[in-house]
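This text opens with one protein chain seen in two forms, each one given by itself as C-alpha cells under the names structure 1 and structure 2.
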Structure 1
C-alpha cells in the first residue's frame, strides 16, 4: 500500500499544497486592502458622517478590533464562502461574483480552447510542410506575438464585419434583442443555451460570440504558436526523435514523442495566459455589451467598493491557482521527467 501512495505522490503533493497557497493569497489580499493610503471608511462615506455611521461602516468593512482579530474574523467568514457585502449595493459579493464570473470565464475558456486546437494543428503542419504557404504565413504571424491588443482586433472586426459587410450581428449583447432567452441554470451563458437544445438560440449566441472569441484567439495564438514552434524545432533534433525515426516507428509515435517533450512549455504559457485572457475578456465584454464580470469590476473600481474588489481578488487568485495546478498536472502527465523526485533532466 505504501508503494501505491509513493507512486501517487507526484500529483497528491501538488493538490494538497493548494489550500495552503490559497490561504496565503487570502492573507495577502487582506493586507493589500489595508495598504490603501488614507482612511478607507472616509473614502467610502465621504467626509460628512456622524460617529455612529462611521462605526457602522467600519464594522461592515471588518475594520473594527485589532488587526489580528480582523484577520481571524475575515478568514473565518472566508471558509464559509462569505466574501462580505458590497459597500455600494449591499448585496453579497459572493452571489454577485457567482452570477457574473462564469460568463467571463466561459469567454476566456472558449478562446483558449479554439486557439489551442488551431495552434496545435498549425504547428503539426509547420513540422511536416515548413515551406507551405500557410506555414510561412503562420510563422510570420507568430512574430507579432504579444503586440496585438485584443480590443484593436475587435474594433477592426466590428467595423468590417458589422458596420461594412453586415455579416455578423451588432455588438450589443449575447443574443439578438427580443429573442427568447435561455433559462439560467449554470450561469455559463453558452452552456445554458446548449441545455435548451433550441438551435435558434444556440445559433444566435454563436454568431454573437464569433467576433470576441476571434479577437481573443488572434491576440493569444501568436504567443502560443511561437513558443510551441521553437520547442518543436528543438525537440525534432534531439536523439530521442532520431532514434524513433531510425527504428522505423510510425508517424503517430514520432509525433507523440516530439509533442510530449515540446508541449509542457506551451501548456505552462497557456495557463499563464488564461489569467490574462480573463483580463482581456473583461475589456471585450464592455465593447460587446456582454455584461459579465467586466462592468461589475470597473464599477467596483470606480466607486472604490473595497469588499467587492477584495472578494474578486480572492476568487481570481483561487481560479489562477487551480489553473496552475491543472497545468502542473498536465505537464507531469505529458512528461514524467517533470515529476518531483525523478532524477533525469528534461
Structure 2
C-alpha cells in the first residue's frame, strides 16, 4: 500500500485536499456575503413591516440565531449537497445554478479552447517564421497582455459588426427571435443545439456566439501568447533542443520536445485565466442578453439573496479547484519532474 501511495501521491494528495479547501472557502464565503449591504428580510417583506412580522420572516428564512449557529447549519446542509433555497424565490439554489451555470461555463470553455488553438498555431509560426508579417503582428499584439478589457472589445464589436455593418445578429440572446429552441438535454446550449442536428439552430447560435467568444479570445490570447513565446525562446536555447537538432531529429520531434517543456507555465496560466473567463462571461452574458449566471447573480446581489450568492461562490470555487487540479495533473504528465518527490534536474 505504501508503494502505491508513493507512486500515486502526485495526484491523490490533491484530490484528497479538495473537500478541505472547499470547506475553508465555504466558511469565507459565508461571512463574505454578509458584508454586502442590504437586508434580505426587508427585500422579501418591503420596508413597511412590523417588528413582529420582521422577526417571523427572519426566523422563516433561517437568519435568526448567532452567526456561528447559522454557519454550522449552512455547513451541515452543504456536506449533504444542499445549497439551500433562494431567500427571494424559494427555489432550490442548486437547481437554479444547475440550469444556468453550464451556459456560462460553455462560453468560457469555448473561448479558452479557441484561444489555446490560435496561440499554439501562432507560436509555432513565430518559431519558424519570425520575420513573417503575421508573426510580427502577433508579437506586437502579445505586448498588450492584460490591457484589453473584454467588455470594451465586445461593445466595439456590437457597434461595428451589428450597428454599422449588420454582419452579425443583434445582441438579444443566443438565438434569433422566432428560431426554434433546442431540446434541453445537457443544459449546455451549444451542445444541445448540436445534439438536435438542426443546421438552422446551430448556425443561428454560432452567429450569436461570434462576438462574445471573439471578445474573450482577444482579452486572454495576448497573455497566453506572450508567456508561451517567452518559454519557447528559452527552451529553444536549451542543450536538449540543440542536441536534437544537431543529430538530425525530425521537425515534429523537435517541436514536441520544445513544447512539452515550454507548455506547463502556459497551462497553469490558462487554468488561472479560466476563472477570470467565468467572471468575464458573466458580464458579457448581460451585455448580449444570454441569461446565464450573469442575470442570476445580479438579481441575487440586488435583492441581498445571501443563499443564492453563497451558492454561486461555492460552485465557482469548486469549479476553480477542479480546474487547478486538472492543470496540475496535465503539467505533471507533461513534465514528470514536477511530481512530488521527484527532484528536478538542472
Partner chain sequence: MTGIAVPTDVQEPQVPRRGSSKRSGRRWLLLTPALAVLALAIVGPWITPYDPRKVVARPLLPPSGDHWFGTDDNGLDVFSQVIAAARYDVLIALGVVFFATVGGIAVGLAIGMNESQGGPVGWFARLMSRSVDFIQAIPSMLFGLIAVAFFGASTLSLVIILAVILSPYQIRLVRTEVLQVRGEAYVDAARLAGTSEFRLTLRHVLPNAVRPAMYYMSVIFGVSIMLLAALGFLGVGLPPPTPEWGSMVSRGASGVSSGRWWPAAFPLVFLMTTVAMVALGFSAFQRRDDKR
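C-alpha atoms forming the largest set that superposes within 1.5 Å between two forms make up the rigid core. Everything numeric here is computed off the predicted structure, so don't read it as measured data. Numbering follows the first chain given and starts at 1.
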| item | value |
| --- | --- |
| Of structures 1 and 2, the form predicted alone | 2 |
| Residue 30 C-alpha shift between structure 1 and structure 2 of 2 Å or more, rigid core reference | yes |
| Post core alignment: residue 318 C-alpha displaced by 2 Å or more between structure 1 and structure 2 | no |
| Per-residue C-alpha deviation between structure 1 and structure 2 [residue 53; rigid core superposition; Å] | 4.4 |
